[in-house]
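There is one chain below, alone, in structure tokens, taken in the form predicted on its own.
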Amino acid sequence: MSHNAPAIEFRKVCKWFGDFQALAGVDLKIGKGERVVICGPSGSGKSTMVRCINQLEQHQKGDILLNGATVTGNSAHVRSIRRRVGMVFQQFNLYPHMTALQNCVIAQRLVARRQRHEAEDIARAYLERVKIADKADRYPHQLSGGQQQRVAIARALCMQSEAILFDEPTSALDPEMIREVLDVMVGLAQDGLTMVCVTHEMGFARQVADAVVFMDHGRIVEVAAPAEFFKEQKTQRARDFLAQILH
């Protein structure tokens, strides 16, 4: 394992669902502390690409490296990878019978093997970090969608991972709740955390991304700094996409 290795690296990664090729030779390097936004039309492979990083989806060809080590392997190895990479989903995936605090504690106890008092202290600190500490004893059904997603972000942060993945974290939210979640994500970006975010929120990309990755038909079509990407796209496909979502 190289100390100079990227945080995450894709090498000629291919993924099929039956006859459908979701990823077609993806190459990408994401540096430590880098914030990357992945965008593109529906079905372009964005979510599949992110889910392959922690092997929620298993690719069939190529290699994905986390800090220089391959993510593929036996079940014990994959579990170790998932401990090192946090993930926030579209749907919040909170346990409905557990409070916000308990949702943030359970993985720490079962996976990281932390003592209860330590896990609760960490959970409360991250609930404070996402500005929802006062809701620690509330159940998911007592929280708004934006609040639930902030609990989900705190839960991911509690594992103190090397990187955190966001798979369209605002797409299930009502418009008035999107801002509160994006504000939290902007704050996290300022902490120097390696972040990979699939999103259509181009304002967020402009504000925090180090690089924007545009995908179409399972391929990376463009990679550029936000200022460059939004000023002058290299391909007609990217121009058409931005014209639709920025109108």
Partner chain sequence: MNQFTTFGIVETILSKLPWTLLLSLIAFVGGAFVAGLLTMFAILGGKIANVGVSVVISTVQSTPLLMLMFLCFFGLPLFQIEVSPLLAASAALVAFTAAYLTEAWRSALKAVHAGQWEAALSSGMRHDHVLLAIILPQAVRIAIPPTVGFLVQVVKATSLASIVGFMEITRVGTVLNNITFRPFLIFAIIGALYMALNLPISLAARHLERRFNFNR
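Owing to the predicted nature of the structure, the values given are computational and were not obtained by experimental measurement. Positions refer to the first chain, counted from 1.
FYI, the form predicted in complex with the partner chain isn't displayed, but the following is about it.
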Interface residue in the predicted bound form among 56, 202, 221, 193, criterion: non-hydrogen atom within 4.5 angstroms of the partner chain: 56
Listed residue (172, 107, 177, 125) with a non-hydrogen atom within 4.5 angstroms of the partner chain in the predicted bound form: 107
Contact test in the predicted bound form: residue 117 vs the partner chain, heavy atoms, 4.5 Å: no
Residue 83, heavy atom within 4.5 angstroms of the partner chain in the predicted bound form: yes
In the predicted bound form, residue 136 touching the partner chain (heavy atom, 4.5 Å): no
Contact label in the predicted bound form: residue 35 to the partner chain, heavy atom within 4.5 Å: no
One stretch from 181-189, 27-35, 47-55, 208-216 that, in the predicted bound form, holds residues within 4.5 Å of the partner chain by heavy atom: 47-55
Residues within 4.5 Å of the partner chain in the predicted bound form, restricted to 140-155 and counted by heavy atom: 141, 155
